[in-house]
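There is one chain below, alone, in structure tokens, taken in the form predicted alone.
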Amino acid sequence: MIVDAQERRVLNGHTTLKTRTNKERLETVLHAIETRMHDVVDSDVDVLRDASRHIIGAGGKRIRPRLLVLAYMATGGSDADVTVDPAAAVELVHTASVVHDDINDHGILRRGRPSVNKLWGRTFALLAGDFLFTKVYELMAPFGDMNVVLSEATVALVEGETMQAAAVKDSNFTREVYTEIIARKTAALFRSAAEIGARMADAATAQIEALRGFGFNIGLAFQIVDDILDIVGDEASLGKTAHLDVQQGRGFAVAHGEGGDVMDSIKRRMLEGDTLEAARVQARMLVEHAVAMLDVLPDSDAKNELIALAYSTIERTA
């Protein structure tokens, strides 16, 4: 059993040590990240506080902060508590982006709850998203060069979203454009999470590069599966407004020539043809490539959790 923390306790008058496994420690840190996000968005401007806590409190997969913490632990980091603020910052970047997405997409459901856009309207949703983005500065202020890593990912995210809107407007949503869009709007933030975790553990250069590649590839796979689920899923299972991609002329199906028709027809053709299977194969190949990159890491519980995290991105149903 790998142990990364110990707790003293008194039993029958004797002081003993209770050990905690990496997995238990991980869950403790993830809980601390939740608390930190809730606390950092406190404001005496009620709508900003309430809207922010509404979307944070709705939960989510939290795959990005988990990736950061596991990258830290897998490269020898011994005090996972130090990852709480950067991991919270990474998740707030993602959370802010989905608030803004729901404005652009007219989404009314997010994480199983009415979206911020639905409850507070477009203006306050825009401001709440901005508020979440600015709180990232506060969380990352003490972390020097890590700010550059995260800011590059945030810039890429905005560039990707802008490229997506432009491609839809210009009816130019090709496979090549689609790949570039998801690399920026999704995979870049996954890559930065893994890189920040490794850098915080003072990992070797080869390990940092491996984790960058790992994060990037599972980010691509994650988005491809997200686009599949947007086609075949429903709002009850997804917890968000479904079928927006095809309706708005974007996503995997459109890029691979399945667009330009009503939703039921597109869904039927994907299910009957090989487009859906091709997407799943592509996502799996990306994950397997990502997992192979972890060969440079020593065997550990944290490495095993990273591998499990990678496969969870393509095995999910929501």
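Being a predicted model, the structure only gives us computed values, none of them experimental. All residue numbers are counted from 1 along the displayed sequence.
Keep in mind that the form predicted together with a further copy of the same chain is not shown, yet the notes after this line are about it.
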Quiz item: Quick one: does N217 come within 4.5 Å of a further copy of the same chain in the predicted bound form, counting heavy atoms only?
Solution: no
Quiz item: Would V47 sit within 4.5 Å of a further copy of the same chain in the predicted bound form, counting heavy atoms only?
Solution: yes
Quiz item: Is T205 a contact residue for a further copy of the same chain in the predicted bound form, using a 4.5 Å heavy atom cut-off?
Solution: no
Practice problem: Please run the contact check for D81 against a further copy of the same chain in the predicted bound form: heavy atoms, 4.5 angstroms, yes or no? | Solution: no
Quiz item: Exactly one stretch in 185-193, 71-79, 107-115, 143-151 has heavy atoms within 4.5 Å of a further copy of the same chain in the predicted bound form; which is it?
Solution: 143-151
Quiz item: Would you say all of T275, A308 and Y311 touch a further copy of the same chain in the predicted bound form, counting a heavy atom within 4.5 Å as a touch?
Solution: no
Exercise. Taking a further copy of the same chain as it sits in the predicted bound form, which residues of 111-127 have a non-hydrogen atom within 4.5 Å of it? Please list them.
Key: R122, T123, F124, L126, L127
